[in-house]
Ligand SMILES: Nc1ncnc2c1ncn2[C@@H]1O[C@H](COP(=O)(O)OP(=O)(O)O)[C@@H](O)[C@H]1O
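Below, in structure tokens: the form predicted on its own, a single chain.
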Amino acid sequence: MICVRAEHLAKSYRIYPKPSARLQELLTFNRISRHHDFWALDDVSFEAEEGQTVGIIGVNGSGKSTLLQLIAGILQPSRGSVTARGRISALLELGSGFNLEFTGRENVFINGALLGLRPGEIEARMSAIEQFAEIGEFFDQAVKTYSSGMFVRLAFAVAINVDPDILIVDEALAVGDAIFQHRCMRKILELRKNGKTIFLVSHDNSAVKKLCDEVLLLDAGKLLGKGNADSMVQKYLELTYAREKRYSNGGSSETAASGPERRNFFDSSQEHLIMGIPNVDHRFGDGRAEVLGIEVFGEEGIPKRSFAPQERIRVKISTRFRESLVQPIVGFILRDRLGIDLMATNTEYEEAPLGSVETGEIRTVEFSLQLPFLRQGNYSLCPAVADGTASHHVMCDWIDNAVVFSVESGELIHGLMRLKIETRVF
């Protein structure tokens, strides 16, 4: 059953060059326009089914929060329509509507009433809200005495414990300390399990992949695509790297190439050269360097596709440089079958710099590591070569799920992996 439907949804704002321009427009009874329209959202259509978790991703300023506010009914669309069935609880501006002079308990009653709950329903949830917020005796103190952390904890506790049919979350999973964040995630997973519809805006790609059934990708107010989490996150990464490249080029409109141009200027006599990429789900980069090949070897030096937990493996990646680079880095990401990033490394992390490289040069990097005690299943490696540092770089070539291997284990493992633990009993 369709829970939320948006049809050609659009929202515009009037932008004035200076405050006096607004007055000039009013004095002419709007006969003379002194503004231009900024479309924060333009022609967005989608449907969300009951019980579905929908992620909304995009760079800053792409219209994500505007879309959530339209779904929640906080804003009215300039064009199009959005309809939602059921009670909506929105984690947008946490604590909006709180009266600083009232106590936490009194504010719970006020916010509950705003969400359509009767006093008896609010009272029935009061204990759960108090326990979830975990602010102790301050629950009965004026909110103006709260720290910022206590404030958002109470707001989150109210929003998430009112039994919503539709939960809207806008970058609210990072509030509070680590324990509270785990508690929030557990509650959201519980709502998801109970068939609630959830809209999630987050820059945490792992959370998006873990939680979302479908993802909407926005850019400059436009819907660029919608689909499964893995494919949309990769398009989002490509978008962010293209944006970073434009910034690095001083605002040039040049964008990243869809894939490196193939040219043959490598020396085939290189002993360690790896040629061949078993699989390419998706590939992007500016083409100044490219991954020629990737292979996974067992400890004996033979290519393998099946390993035991904690077995030592060697990952070899060969890259070719089409242009001279001062600070190239090569690395890979290890993912599970759901597309969750389990770990990542590169030559900078491992303090093994390649140094500057010249046009036509080829480098092969070997990473030797012991696999963690992973649960049985399939895993993939995503190799990449970039120019810059781990924290600030331009992507030259990135390949999704280039090689897939399995981990075989007869043991039952809960979670993603089992850790090596020394246990003593007293």
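Just count from 1 along the sequence shown to find any residue number. What you see is a predicted model, and the numbers here were worked out from it, not measured in a lab.
Keep in mind the form predicted together with the named molecule is missing from the figure; the text below concerns it.
For the options I362, A40, V394, L374, the residue carrying a heavy atom within 4.5 angstroms of the named molecule in the predicted bound form is A40. Only one segment in the set 397-405, 381-389, 24-32, 59-67 has residues whose heavy atoms sit within 4.5 Å of the named molecule in the predicted bound form; it is 59-67.
When contacts are judged by a 4.5 Å heavy atom cut-off, I15 counts as touching the named molecule in the predicted bound form.
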